[in-house]
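Next up: just one chain, as structure tokens, the form predicted alone.
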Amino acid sequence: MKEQKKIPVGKVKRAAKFIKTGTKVGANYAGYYIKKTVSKQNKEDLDKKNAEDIYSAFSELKGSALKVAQVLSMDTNVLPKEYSEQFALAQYSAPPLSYPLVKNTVFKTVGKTPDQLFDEFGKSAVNAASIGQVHKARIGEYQYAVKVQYPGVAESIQSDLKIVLPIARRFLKLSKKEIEKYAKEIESKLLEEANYELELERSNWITSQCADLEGTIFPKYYQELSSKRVLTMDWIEGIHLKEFMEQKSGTEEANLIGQRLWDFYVFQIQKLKMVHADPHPGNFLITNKNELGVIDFGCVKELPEDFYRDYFLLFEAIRTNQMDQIESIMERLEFFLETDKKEDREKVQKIFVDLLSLVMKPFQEDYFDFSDEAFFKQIYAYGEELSQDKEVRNMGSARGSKHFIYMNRTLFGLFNILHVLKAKKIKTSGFAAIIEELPKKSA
């Protein structure tokens, strides 16, 4: 893949790139509608061209722009497939930066060049994602993965989001007012993700807590070889989960990895109240021993006690059909607006009870078949039905606590990976244990 020799830094240069891309997309639409009068050009061609142009610009900008593309690609129900397929490249196959830029970042933030820190440092990136890229290095017999952040990414997060969020808003069909509620949550998580010192601290703590999970391994992190923009860890030999899924989907090995993924996430939710909130294939490796390697803790969501309690109390109230308690829990979880009329509240309650009834199915059963197409079609069909419901859109679709953003992203990301793995008979029991351990407070 061709390396990128420069990156736009500063508000003006980055804003100019966004504007230039918007102009190009506008020209694509104009060309499409002109040609439409004389030919039967397929709209898929337009979507493909726009997706390529937008992704090309976001790839050059890196940071928040590319991160939003990555997040949107994880939900195949949000975007046309031409966009989701193109944006999925942001997970670990973005165009990498050239070595001089990497060398400069390492020197500026660690105080030494890569050649001074390591006996050997690969000048070409082995993986490149939205916030940074990874290089392979060696000291003596030990091999390391060195994640180097793109220049200017952390400093441009806030200004980038002011431009990128309206674009995402159109895809998600939300109003400006609706998305404002969640913008600060997204911004705070991206700022955390750009702070490699925080990632090192969290990685060490979470991996120590998860150390006894069978068949799940983590790299060791090295503070003396890291900084706020450079993160050095053990090199884990293996293939990316995406490659594993392409090779092993539907096999016993896929079931094994699926179980390890499920156990990893349920343990974090239940025991740590803190969760790896970026479940895309680029963050996992599979070793030749079928071990699950977790290699990135940049995005971690801490679950506040009140939210955690009400989240699972709502699941339990729905499961046991305690209608009198559901409304009060939903009130605390911010599903209702002050402007809602009685009939609005009733409709909102029904919508989310029906949706959560679907989402909670894997938690309720001892074993669950994630290869079941009917289950996922039901969820996607329900989402599509709601998106077409004018009454629902007029009521405002952005409802619920801001903490739902990363909790839902985690669950749906996990479900989607397990579905692509065609993982069957995953032992999912444990919901009752979560309920039993909740702080005793009346719903």
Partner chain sequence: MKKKELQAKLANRLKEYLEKEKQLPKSSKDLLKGKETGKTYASVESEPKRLFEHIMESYIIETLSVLEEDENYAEMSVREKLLSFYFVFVNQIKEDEEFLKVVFSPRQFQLMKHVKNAMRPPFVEFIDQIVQEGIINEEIKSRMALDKVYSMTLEKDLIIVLKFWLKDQSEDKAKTDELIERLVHLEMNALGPNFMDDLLGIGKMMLENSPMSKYMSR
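Because the structure is a prediction, the values reported are computed rather than measured. Positions refer to the first chain, counted from 1.
Another form exists, predicted together with the partner chain; not displayed. Remarks below refer to it.
- In terms of contact with the partner chain in the predicted complex, the residue from 166, 250, 100, 111 that brings a heavy atom within 4.5 Å is 100.
- Note on contacts: among 96, 258, 281, 298, the single residue with a heavy atom within 4.5 Å of the partner chain in the predicted complex is 96.
- Residue contact check for residue 151: one or more of its heavy atoms lie within 4.5 Å of the partner chain in the predicted complex.
- Taking the partner from elsewhere, residue 147 is found to have every heavy atom lying beyond 4.5 Å of the partner chain in the predicted complex.
- When the partner chain is considered in the predicted complex, residue 276 lies well away from it, no heavy atom lying within 4.5 Å.
- Proximity of residue 357 to the partner chain in the predicted complex falls outside the 4.5 Å heavy atom cutoff.
- Taken together, the three residues 104, 156 and 228 all come within 4.5 Å of the partner chain in the predicted complex, as judged by their closest heavy atom.
- Only one segment in the set 268-276, 241-249, 179-187, 228-236 has any non-hydrogen atom within 4.5 angstroms of the partner chain in the predicted complex, and it is 228-236.
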